[in-house]
Each structure stands twice: as C-alpha cells, then as structure tokens.
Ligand code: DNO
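Shown below, as structure tokens, is a lone chain in the form predicted on its own; questions about how it binds or moves come after it.
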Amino acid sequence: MRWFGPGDPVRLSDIRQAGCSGVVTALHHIPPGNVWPPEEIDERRRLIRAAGMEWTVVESLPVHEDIKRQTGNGKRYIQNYQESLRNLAAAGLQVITYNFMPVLDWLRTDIHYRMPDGSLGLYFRKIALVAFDLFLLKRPDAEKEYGAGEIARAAQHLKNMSAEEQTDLYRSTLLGLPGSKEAFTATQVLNALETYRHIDAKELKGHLFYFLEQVIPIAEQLGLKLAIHPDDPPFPVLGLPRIVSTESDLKEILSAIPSPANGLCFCTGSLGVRAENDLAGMMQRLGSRIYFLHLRNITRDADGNFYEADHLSGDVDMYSVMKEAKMLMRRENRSIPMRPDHGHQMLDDLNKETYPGYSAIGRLRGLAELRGLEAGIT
C-alpha cells in the first residue's frame, strides 16, 4: 500500500495488518526540486522496517515545474534529481515512480461521490470541470477551447448546483498534491496555468525526453528503474497538454531513451479511462518495461465521465490484467511490485479524515480481492 509518512492517519501497523509485505512512500515534506538527503531516506526506511515491512519503491520523486517547462532553475533541479537518485540507490531503493503532468497531479470534480452501497469514491464529471474552468476559476480565454453547446450545458449545470455543491466542486478540483493537506488557491493555479500557455503537447514531450536524457544514464549506472505514471485523467484539462495517455505515448517514451532503466508505472485506472487502451494487450507488448503496477478500476461513459469502481468491477478487465501480469512475471522470472490503487471510504473510515482515495479499509478490501484473484489465477 501507499503510505504518506508519519502524518498519514493510516498507520504502518494498519498496512502490516492488511497483509502487505512492503510500503511505497515518498518524502512529501521535502519541496519538489530539493535533494532528498541520505539521513531522511534512511529514517523513512528505518520506520518501515521497524513495522516489519520493506521499502523498495518510491512514489513519487517529484519533477519540478521548471524542468517540465525548461525555464528558470530547471538545470539545477535536474542535478538535484540526479543527486536524489544516487542517495536512493545507496539506501537500497529499486524503483522510482514519477509523473510529468503539468501543475496538477490527478484531478477529480467530486472527492466524496456516494456509491449505491453508501461508501464514498472519487468522480470525474467532464461538464462540471468545464463549469469550474469557465465560471469558478475563470481561466482567461478558456471559452475558446469549448463549443457553444458545451458552454451552455456548463452554465446550466452550474445553475442547477446549490451553493454547497459549487463549493465542493471548487475544493475538489483544487485539491493539493498527494501527501499534502494544503489545497491550491485559484490564484496559484491561474498563475501556474499561465506559465504553460504556449507549451503544447509536442514541446512538453520534448522537455520530458530532455529530462530523461539527463537522468536515465545515471539511473542505469545505479541499477535503478524509473517508472513514469500515466496522466490522470488521460486527456487535456484546463488547457494543459497530456503526453502519457495512450499506448502510442508510452511506446514513444520508451523508444526515445531505449534503456532498461526507462520504464513504466502501469496504472490500470488512469489508462482505463480511455476505451481505446487495450490494457491486457498493452501489458503483453510493453511488459518488459513495466516496473510497478497500480491496480484500480473505473466505470466510464461516452461523455468522458468516470468514477472509481470496486477493484473487481467496472470497465477494466482486472482478470485479464492480472493474468497477463502473472504470465509476465513467470516469463521474465521477476516480481513486479503492485498495489491496490485508491479505494472507497467505507465503514469506520467514513468517520475519519483521510486523503481522498487513500483510506485504509477500502484499500484493504481492494487488496484482499486482488490477492484472491491472483491466487486463483496462479
């Protein structure tokens, strides 16, 4: 399971009792771009080992926005990233997850979507995001990216929402980065979006390739595997380009720097939002470069909306994905770290404040279901 550190309301003992042998975590208290010091890495590993588990996967080592934009102190931040990789390798870490999503990490319009069974999940409603973009955030020139019909529907959608619902939409969409309790402000987001106004998908992809050219040789020398996480959601939002959303994107990234250190974090939820992504087939074709698995299910519709489903239901064929994963591991004689990704807030966790998607019991249910599926396939 993922653990956000000592401030996480989900304790290491909870994760151990769930049946986990390992934890994925990061030093979220260190600002993006700064070097992760050896003593901080060692202390985090000591805490996890004291709880009877191991830490071999970092999720995530953030890429500073200056690197993504190739502006400001980008080159210095790349040097810091290289130094962090050296420190992580010295501590025995093996897989380093990262993403290249501008400004925002994953984005949802409702972080307390009530499921039929009364549990709470995460929901993305496209028209709600359009309404937020145009009428709440008021991003300059945003209306140029939408058709007249879509703008009219967004205006009506907002009109039908109560003041409380509008506030929830605002807060959900401006949710801070994972591990952080601080939400973004509208001013922060607008200022950040402005810095990407003239960066399209082609240019952003070039910036990613440049970054990889600088860090992949270091990772290869150190015996590390870098694993890029797909975009979430896997299509442009708030005028921001997305470049890690399709099988074509993934192949292009792997081909740009053809090193065994350049790999993938295969997230079935993020990739599964796009119906054209053949997840089992992608695992067959890209499997040798998959170093970390996020197993999450979603239910999507033709309008671009989706919600986080139970791990064994939804539109992701989890049986086929798990079967391909087991065949891949047997074929290549290696173990791929995997974890349940997100989970519904349920039972006693409904009375607790946890990071959306990362309460304990919902993930425990997902883990139990996935372990049962794995055992049955084996």
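Numbers for residues come from their place in the sequence shown, where the first is 1. Bear in mind that the values here come from a model prediction, so they are computed numbers and not experimental data.
Form predicted together with D-mannose (DNO): not shown, discussed below.
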For this session: Just one of 43 to 51, 320 to 328, 337 to 345, 66 to 74 has residues with a heavy atom within 4.5 Å of D-mannose (DNO) in the model of the complex, so point it out.
Result: 337 to 345
For this session: Consider the chain as shown here, without its partner, and state which of 105, 194, 301, 168 has a heavy atom within 4.5 Å of D-mannose (DNO) in the model of the complex.
Result: 105
Exercise. Since exactly one of 99, 119, 109, 305 fits, which has a heavy atom within 4.5 Å of D-mannose (DNO) in the model of the complex?
Worked result: 99
For this session: Flag residue 355 as yes or no: does it have a non-hydrogen atom within 4.5 angstroms of any non-hydrogen atom of D-mannose (DNO) in the model of the complex?
Result: no
Exercise. Is the gap between residue 229 and D-mannose (DNO) in the model of the complex 4.5 Å or less for some heavy atom pair?
Worked result: yes
Exercise. Wondering, does residue 225 line up within 4.5 Å of D-mannose (DNO) in the model of the complex on heavy atoms?
Worked result: no
For this session: Any residue of 268 to 307 with a heavy atom within 4.5 Å of D-mannose (DNO) in the model of the complex counts; write them all down in order.
Result: 294
